[in-house]
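What follows is one chain in structure tokens, specifically the form predicted alone.
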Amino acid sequence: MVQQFDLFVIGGGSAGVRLGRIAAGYGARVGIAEGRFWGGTCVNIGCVPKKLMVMAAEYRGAFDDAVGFGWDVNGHTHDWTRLISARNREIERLAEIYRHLLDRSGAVVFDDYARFSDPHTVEVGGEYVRADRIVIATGAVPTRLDVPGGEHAIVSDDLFHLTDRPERIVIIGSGYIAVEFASVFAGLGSHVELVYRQPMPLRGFDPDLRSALAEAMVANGIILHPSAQLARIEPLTGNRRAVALTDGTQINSDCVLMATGRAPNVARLRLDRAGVAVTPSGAISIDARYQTSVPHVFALGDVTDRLNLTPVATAEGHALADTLFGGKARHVSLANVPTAVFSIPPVATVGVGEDTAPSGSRIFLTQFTPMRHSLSGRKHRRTMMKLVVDGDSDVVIGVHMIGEDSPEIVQGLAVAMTAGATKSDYDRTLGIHPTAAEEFVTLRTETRVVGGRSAGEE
């Protein structure tokens, strides 16, 4: 007998689990399938385990800083195996929570991959189910560069299964994953070289943030190869690799990581049997209501390749459940979505950068050595804060920061931006002293105007 559902969800990551749980809470009969791991990329091989590894790497600098505060810290070494074991225990705990939430909600859980048989029928685990509505939330997968010897590199999924920390690693790319793991391995003691095509890392971020991050990475001992591309990889003895760049540079390494992008995870789905259309890049096309080219089939999260962030996927899942079964149609705005890069030091941002701001926008910028490092002696650890203010309305349209605690600080300022706060609102807000965050409400001197003069010019 074929099981019948009001809603069937393909994918048990952030979007799928939230959608399935909320929809079931509204009384819908929900089925959900996940063939790899509950919680998806973020929980298992993404932002959560990665941030735990960043935290581990930050202790290296903290040990050095402690000496300036009178602590006698000697002989600190790192045990990779202990870190990985502790990390894996936490990930297993979180993945089980995700599955338990679905069980408690009353959703029917399938521990297997699902694929279409026809527009209303899904094959999962050797059986067939039918649903009035089907949602695709299968996320994305890492991609590889097509270069000679590319098979000798690893991708981000593989990082979480390394049994040993490489002493020398070459990382190709300069997005979130590349700069975060460059920071992780440098902090844990590896020799790190970062290769990227752009003049600066983090394409799409504010140019001052990009420049400040490049300086911070150099200060942390990471060797940068900007405006360079991977030409080939050749295996040497053991785990050694010879990496050749297009500019003639040769690098020997124990490990090569390709962090060069992710692609929508659609290969297993047999979308053609449902008639679901995809873009030239393979992303599932959706409208403002998350509907695909087939009206009763929806898609959420990274598989649509719009704004690939976990909170976006989670919010979309909740919004679609409310719309389909909760009697309150709504969607998620992708304007002013805050984000952070957990490099060392971290980067956080919300709103527009200076390079995309309207002409006439006013720029306020400050750079300083954090209070901690007046005693630690780590003078190369700098904080930068920046506001982009609309020249006509005085509304703050961009907030950017690199430095300790920047994700925690910018999260709060994202609330202010969502509420439409003006620079005058910032100016009349009292700061908490002494903190770095107070600098955002004490910025008074205009640095420059977009498309116009710099401070001090007539």
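Start at 1 with the first residue shown and count on from there. All values derive from a computational prediction rather than experimental measurement.
The same protein has a further form, the form predicted in complex with a small molecule, not shown here; the description that follows concerns it.
Within 4.5 Å of some heavy atom of the small molecule in the predicted complex lies at least one heavy atom of residue 173.
In the predicted complex, the small molecule sits within 4.5 Å of a heavy atom belonging to residue 203. Contact annotation: residue 378 falls outside 4.5 Å of the small molecule in the predicted complex, judged by heavy atom distances.
Although the partner is absent from this view, residue 262 contacts the small molecule in the predicted complex, with a non-hydrogen atom inside 4.5 angstroms. Contact with the small molecule in the predicted complex holds for none of 6, 24 and 102, as no heavy atom of theirs lies within 4.5 Å.
For the residues 131, 309, 95, 83, the 4.5 Å heavy atom test against the small molecule in the predicted complex is passed only by 309.
For the candidate set 145, 219, 223, 371, a heavy atom within 4.5 Å of the small molecule in the predicted complex is found for exactly one residue, namely 145. Heavy atoms within 4.5 Å of the small molecule in the predicted complex are found in exactly one of 321-329, 378-386, 176-184, 268-276, that being 176-184.
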